[in-house]
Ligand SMILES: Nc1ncnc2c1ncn2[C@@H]1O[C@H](COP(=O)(O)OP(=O)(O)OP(=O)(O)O)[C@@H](O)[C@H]1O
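Only one chain is given next, in structure tokens, and it is the form predicted on its own.
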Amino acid sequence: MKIVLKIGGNEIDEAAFLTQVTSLVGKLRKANHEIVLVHGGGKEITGLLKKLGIETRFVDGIRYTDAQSLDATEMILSGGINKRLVKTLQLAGVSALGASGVDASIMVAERITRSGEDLGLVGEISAINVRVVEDLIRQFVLVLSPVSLDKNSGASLNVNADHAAAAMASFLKAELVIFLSNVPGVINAGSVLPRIQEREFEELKKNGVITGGMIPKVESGLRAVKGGARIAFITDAEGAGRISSGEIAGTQVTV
């Protein structure tokens, strides 16, 4: 089974979270599943930009990225975080290979706007080198930074990690995609919503149930299943472990 896991930048530096993710990935590999682990790194990117005196701005949960911000983003994502995750997995006995979307043109993107606003050097995935990905995940857990290749200029583009995971799940026709968070799912009035359908999305945003970084997660779950992925969930590491064992957990996103 092909599985895409997405982990966010807010959780990556939490030792307990990484232990849970490493255990989950090891368990899935032992069951002969093929895994792409797409990661973000927003917390560390924001920290570096602050040190550099560069303002951080978001539009509907997507980071505006200028040339300086892109350099910092690529350094943090494709360098520091990517290799840290690879080393963590390999120390746990899981054979892993790190790459970004730029490598072997794994992910090709085109620049976009958001809500009519310019996002700078930010793109959406328009193509994925599926053959290369399939070859790699037969042998390794592919740990993937979402920085991707600009289709038009050949330079790098920043891609939201949730959107990159959705594109990967769609192009691979993955049987399962899980957007891992630091919460057990989408919360409404203190309880986890077991399911969100596409027709409910705008109303939940309007009512403040889905806000900030949860917006691209739900969007991405919808994109994934509409694009060809079989099942999409939003949950935490514990919930992902339960889902991988056939239990019910988190919030399933459906069309």
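Computed from a predicted structure; not experimentally measured. A residue's number is simply how far along the shown sequence it sits, counting from 1.
Below, we turn to the form predicted in complex with the named molecule, even though it does not appear here.
| Hey, in the model of the complex, does V36 get a heavy atom within 4.5 angstroms of the named molecule? | Result no; V36 lies far from the named molecule in the model of the complex.
With a cut-off of 4.5 Å between heavy atoms, is N182 one of the residues that contacts the named molecule in the model of the complex?
Yes, N182 lies within 4.5 Å of the named molecule in the model of the complex.
*Look up in the model of the complex whether N207 has a non-hydrogen atom within 4.5 angstroms of the named molecule, and give yes or no.*
No, no contact at 4.5 Å.
query = Taking 4.5 angstroms as the cut-off for heavy atoms, does A161 touch the named molecule in the model of the complex?
reply = The answer is yes: A161 has a heavy atom within 4.5 Å of the named molecule.
Looking at heavy atoms inside 4.5 Å, which stretch does the named molecule contact in the model of the complex, given the options 224 to 232, 23 to 31, 209 to 217, 49 to 57? It is 209 to 217 that comes within 4.5 Å of the partner.
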